[in-house]
Structures are given as structure tokens and as C-alpha cells.
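The form predicted alone is given below as one chain in C-alpha cells.
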């Protein structure tokens, strides 16, 4: 291993040379600045549930049709109609949970349209996303099959906006009742004699907006009515999820919870789902330094929202029977009409900036692991903050795919506290976790013009066998295209283990995860 001073000199010189060649506006990174961390390996926060790394797929643009689903007769390689390369990439990433069919689409979706022989299924107009015609070739059975192929838990969003309690109740029975009822026998006749055992059920989506334009009190009444009929059929107890606010709308949460809890017997609720998008004012590949800083700063707002929403929930539910969720999150940049015409509604290129944003969000969820039960990035393929981009036979892993890959060592570990004196929302972001003697640390540098030299100490124990991987590009608009699918990919990165902890270099726009073994904790 090189001496630290030698490696610092090499990293700085190499970074400046690379920046000079690749920086789109010719701006060189400033000299590296020191950052100090104290990792409190003996101060647990909470379990980092795998579901905090969840995902979301809606019938929107080419997320489903042409993205995940190409059909069994397609010349594109597929597994029972599912794009083969997408299945392989998502399975390798280990998608813990996948939410479907919406989004806004959920509250105009009627599940019976998507079962039975595909050539007999009705064609419906997608009123929320472009008025294009749905042929319903991708329905409940196809979704469950996809989840099984990639190893994800299915999460079904029920129709409250235009549906009925009976429709949702029957969907639960169709999916989960083992055998002997008319609905379970119909499922078997449609090719699935074994129950689907779906645990996660959303009672509507964005009911303050596209899900019905309801007031909190109106939605509370609907929630009570619908939730009564989502019962246990078979051996799976449904996990009922209520619609939470748009971003940190504390008034919505207070009014909804007051209406649900006041005066009557409380109806069961297991999850409460807020949505939080980090909007960008420019197209994905046209970001400037100012636009970058504005968007990255929203992740500090997201963290405050989680803390404040959990505090409101605790006032009504001090035992924390109701888990807080971030059901939809991610960057939402300005759309390019020409790209939407080619690739579908809300198609968005994914850059190293998007990957840094994904890592910032995941670090937030790790640091607040005691307050969260699930978080779902929007969306899986082609739409908004996607893991994969597809066109014809091509399927590309985005930089954000690799951000999730770098965060994977944290899943199932216990988050521990990190003293990070950098208060800047565009400063160093950190999360750390451990399980037995396994240790993981993720550091993110959201700055485009500054390198961080990070020195971390451990409150207890010592680190052995450390290794690191980095995702980095000096150009904030760099991305993986169909012609150049590997422009932004992870690689090994230098980390120095010291007597007190570790040291590493974070170049601009980078995500680094360190893994190793903790001894003496």
C-alpha cells in the first residue's frame, strides 16, 4: 500500500488532469479539503431493512410495456414475456420489494382487466399518462411472475379513487386464498394453483391528488371503509398501507390521523406512505452547478421530513405500530419532449448526478433506519429516476443502478451513528452499519468542484481487511447511453486502515463504499 502522502499527491494530480480533459466548462476542482468523522460503532440506530432499498414500477411511458414487458412472442430475448436482460440485472441487484401498478395509474386500474387469456383481455385508455391504450397483457399473474423471477416481494397498490371496497377485497382473496373458493379456483384456472401470498397492500395512492383530489378527512373515511375488507385469506396477514402526504405536508398528516383516530374504533393501519421527489429545473444532461446544488440540498429537506412526519405519527401511535414509508422518491428533472416522443412519457436520462442523489437518499434512510420500514425509488425502468433504460433490444444499467449496488452491503445490518461536523446540505454525506463483525461505510461527495480527504475514527474496535469501491465521474452530466453503456461504472478504490480508523479520498461527484471486518467491538 502506498504511503498516504504519496497516494494523496497521485489522486490530486490525477484528478486535476482528468478534470482538465473532461470538465464540460473547463472548471478545475479546488484543492482537496479535509473532512473528519467519528463512527460510533457502539451506538446503534436501528435495523436497515432491505425494504429501504425498494422500487416502484408504474404503467407509465415505457416502464412496463417495452421496458420490463416485451411479450412472449417478441424477438427481444425474454422469459415468459419479461425482458431477459432486465430480469438478470434486477435479480443481480436483489430488488427487495416492487410496488405496482401505480402511482396515479393504480386508482384507475381494475384488476380483473388483467387476468385470463391475454387475447381476451379488454383494452383500456390510460387517462393519467397520455391516453394511450392499455392491452392489459401485463396483469396480476405477470407481475407476480416478474417478482418471483427477480426475488422481490410484491406490493400491490389498490384502487380507491375509482374502485370499490368489494373490488379490492376480491383482489386480496384472488391472490391469497389457498383453494376452494370461486376466486381462488379462478386463479388456479388462470395458471396459478398456489396462492400468491401478497403481503403489502396500498389503500389508494396520492388521494390528495390524482387518486381523487380528497381532503384528509375524506380520505380517512375511505381508508376506514376499504381497510375493513382487506382481510387475511390464507396464511399471510396483509400489511395495510395508507396514503401519506406530498413531501412534508404536516397538515395533511395531522388532519388525516385525527380523523382516523378520533371518536371510533381505530381501523388497522400498518404503513403510512409519504412521497418526496427532488425536482430539477433543467433536463437531465444539461445541469449546471447552481441547479446541481439546488437539487442536492433537497435531501436535507427529505431527512427533516422523515423526522417530522415520524414525530407526528408518534403523537398518535407512540408504540410505533404504524411504520413510516417513503413510497415514491427520487430526482424528477425537466422532461425533453423529443425524448418522450421516442422513449415514452417521463423518460429521463440518468447521470452521475442522479447516482449521487440516489446515494444521498439511501444514506438518509440508513441514518433514519429506526423511523422507516420501506422506501421505493421511482421508477424501475425508463421513467424518472430509473435503474435501467431500454430501447428495442438494448438494456442499459444506469449510474443509479450502481449506486444501489454500492449500498447493498448495508442491507440487514444495524445502522450506527456517525458524528459528521459538516453541516452543509451539499457537504459530505455518510452512513455506517455493522452486523456481527461485518462493517460498511458509504461516503458521498455531491460537490462538482471539490475533493474531500476523509479521516474517520472508530469509537470502539478496529477495522481489518478493508476494501472500497467508487462510482465517480468529473462531468455531472456523464451517463450510460445505448451506444456507450459503461461510461459510468464502479471500480476499486484505495482506502487506508489506520490505528484509529481509516482514510480515503472522495473526488467530486463520487460515491464510495468501504467494507471490512470489525474486531474488538
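Positions refer to the first chain, counted from 1. Model, not experiment: these values are computed from the prediction.
From this point on, the text means the form predicted together with a small molecule, which you will not see here.
Chemist: Tell me, which of 403, 384, 227, 296 has a heavy atom within 4.5 angstroms of the small molecule in the model of the complex?
Modeler: Of 403, 384, 227, 296, the residue with a heavy atom within 4.5 Å of the small molecule in the model of the complex is 384.
Chemist: Let me know the one among 346, 357, 375, 160 whose heavy atoms come within 4.5 Å of the small molecule in the model of the complex, would you?
Modeler: Spelling it out, the residue with a heavy atom inside the cut-off is 346.
Chemist: Quick one: is residue 275 in contact with the small molecule in the model of the complex, heavy atoms, 4.5 Å cut-off?
Modeler: Close contact exists here: in the model of the complex, residue 275 approaches the small molecule to within 4.5 Å, heavy atoms only.
Chemist: In the model of the complex, does residue 56 have a heavy atom within 4.5 Å of the small molecule?
Modeler: Contact check for residue 56: yes, within 4.5 Å of the small molecule in the model of the complex.
Chemist: Check residue 442 for me: does it contact the small molecule in the model of the complex (non-hydrogen atoms, 4.5 angstroms)?
Modeler: No, residue 442 is distant from the partner.
Chemist: Is residue 332 close to the small molecule in the model of the complex, meaning a heavy atom pair under 4.5 Å apart or at it?
Modeler: Residue 332: yes, in contact with the small molecule in the model of the complex.
Chemist: Select, from the options 367 to 375, 433 to 441, 100 to 108, 233 to 241, the stretch whose residues sit within 4.5 angstroms of the small molecule in the model of the complex by heavy atom distance.
Modeler: The contacting stretch is 100 to 108.
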